[in-house]
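To begin, one chain is listed below as C-alpha cells, in the form predicted on its own.
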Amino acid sequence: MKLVMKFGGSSVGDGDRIKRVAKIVHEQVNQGDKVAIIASALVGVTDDLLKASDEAKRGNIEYIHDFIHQTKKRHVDAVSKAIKNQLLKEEVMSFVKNTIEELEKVFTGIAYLGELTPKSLDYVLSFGERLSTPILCYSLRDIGLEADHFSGKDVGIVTDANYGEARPLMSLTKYQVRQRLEPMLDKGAIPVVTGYIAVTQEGFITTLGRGGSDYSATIIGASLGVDEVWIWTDVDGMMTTDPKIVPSAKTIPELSFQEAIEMAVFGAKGLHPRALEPAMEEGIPVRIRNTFNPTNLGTLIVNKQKIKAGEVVKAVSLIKSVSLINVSGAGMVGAPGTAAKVFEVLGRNNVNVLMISQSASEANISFIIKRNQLGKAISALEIAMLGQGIVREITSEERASIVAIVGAGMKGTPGVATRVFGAVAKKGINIVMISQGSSEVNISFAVREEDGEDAVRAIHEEFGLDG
C-alpha cells in the first residue's frame, strides 16, 4: 500500500514518543508499504509559540529569553532520547539549535517593533513543526530507514494569502507534490514533512489553521493518490460519545465522510472537518488510529455510507461553553433581509454562528455562538437592530450546551426525533432550541449547560450505543 501517516503533537510529545513513532513506521515499511510522514509540533509547542508571540509584541524580552531557553532544552532533550547514533545526534542537534536561534531573532524583531501581523504570526507558528520534523526524520535514520525532512514549502503546498487560515491551491499543489515526492517514494525512501505549514505563490509562509497538520496529510494524500491516510493520535478512533461523559462509550469502526464531518464539527476528538475535504474529493479513505495502541485498527472513514440493520444513531456529541441569542419582533414578519442583516452584523464582528433556528412565523430567530463572544454579539446587534421598528427584543441564555446526534441511519427512519426527545424528557430536561439539516444525518438541540451531559447519557442509552 501507499500511505500517508500523520502523527499529532501527543504522538511526538517527547523523545520517547518519537522513538515509538519511528518503530510504528519501521513496522509498516517492513510490510512493503510506501510511506510519507506528516509531523505536528511537539505537544503544546504551538500554543506556547502563540503566547510568546503576544509577549514579544508587548516587549517582554525577559519572557522571550526564558521561552527560548525552555524551548531549546525541550527539543535538545527530545533529540537525546530519540536518537542513539552520535553522528546523527550531532547533525540534528545543530539543525535544532540554528532554528531556535532564528526564532529568537524573529521574537526580538517583534519586540522592538511592537507589532505582530498575521503574516509574521504564521512565520512564528511554523517553528513548532520545523523543529519536530527533523528530529523524527533522524530518529527514522537512527533505526536504519532512508528518510529526509521537508517543510510544506519544500514539497510544494501552495495556498492563498489568508494568513492563519490559508486555503490550498490544489491544482498547483497536486502537481508540485507529485513531482517532488513520488520519485522519493518510488525508491523506498520516506519523506517526513511538516504539518500545518504551506507557502503563498510569492514564497511567504502560511499556516492552514486549526487541524492544519491533518489538512497537510490529506492534501499530500490526495496529491499522491495514496491508498489511505492514517491520522495517528492519542485515541483509538472516533467514539460514540466522550468517554468522560459515558465510560462505556465505544470506538466506531466505520463512518462515512458525511457522518465524520458532522461529528468533527460538533467537537468529536479526532480531526478537523476541513481536513477531510481533499480525501473526500479523491475518494481516499482516512483512518484514525492510536499511537499508544497501534494494534487497534481505529475508525475508517469512507465515501460510501454503510448502514447496518437497526443502526440508526452512531454518535452523540456535546459542545459546552456556548450561549443562545434570540432576536424577536412582530416587525420581522414579512420584512425581507432581516435574517441577512442579523448575520451580516455578526460576521462583521467576527462572531461565528454554530447553530440557527427560525420560526415559520418569521417573528423569531435563535442562534448559538461561543460564550466568550456573547457580550460582543449582543452589543453589536443592539446597536444595529433595535429602535428601527423591526426587532423588538434581543435576549440571551448565557449558559447553554449543544447536543448533536449523528447517524446516516436516521435518514428516512420514522420516529427518530420522538425517541431522542422522549429520552431527554424522561430525564426532566428542557430543550430550548432545535435544528435539523435537510440531509437528516444530524439532529442538534440546545439545553441548559447543567443538563448537557445528562442529555448525552440519555440518548446514548436510548439507542444502545454502549453495545
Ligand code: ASP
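In this text, residue numbers run from 1 along the sequence as written. Because the structure is predicted, anything quoted here is derived from the model rather than measured.
What follows is about the form predicted in complex with aspartic acid (ASP), which we do not show.
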- prompt: Does aspartic acid (ASP) come within 4.5 Å of a heavy atom in each of G15, I135 and Y138 in the predicted complex?
  reply: no
query: Counting only non-hydrogen atoms, which stretch in 60-68, 37-45, 407-415, 423-431 is within 4.5 Å of aspartic acid (ASP) in the predicted complex?
result: 37-45
query: Taking heavy atoms and a 4.5 Å cut-off, does G212 contact aspartic acid (ASP) in the predicted complex?
result: yes
- request: Counting only non-hydrogen atoms and a 4.5 Å cut-off, give the residues of 118-137 close to aspartic acid (ASP) in the predicted complex.
  value: E129
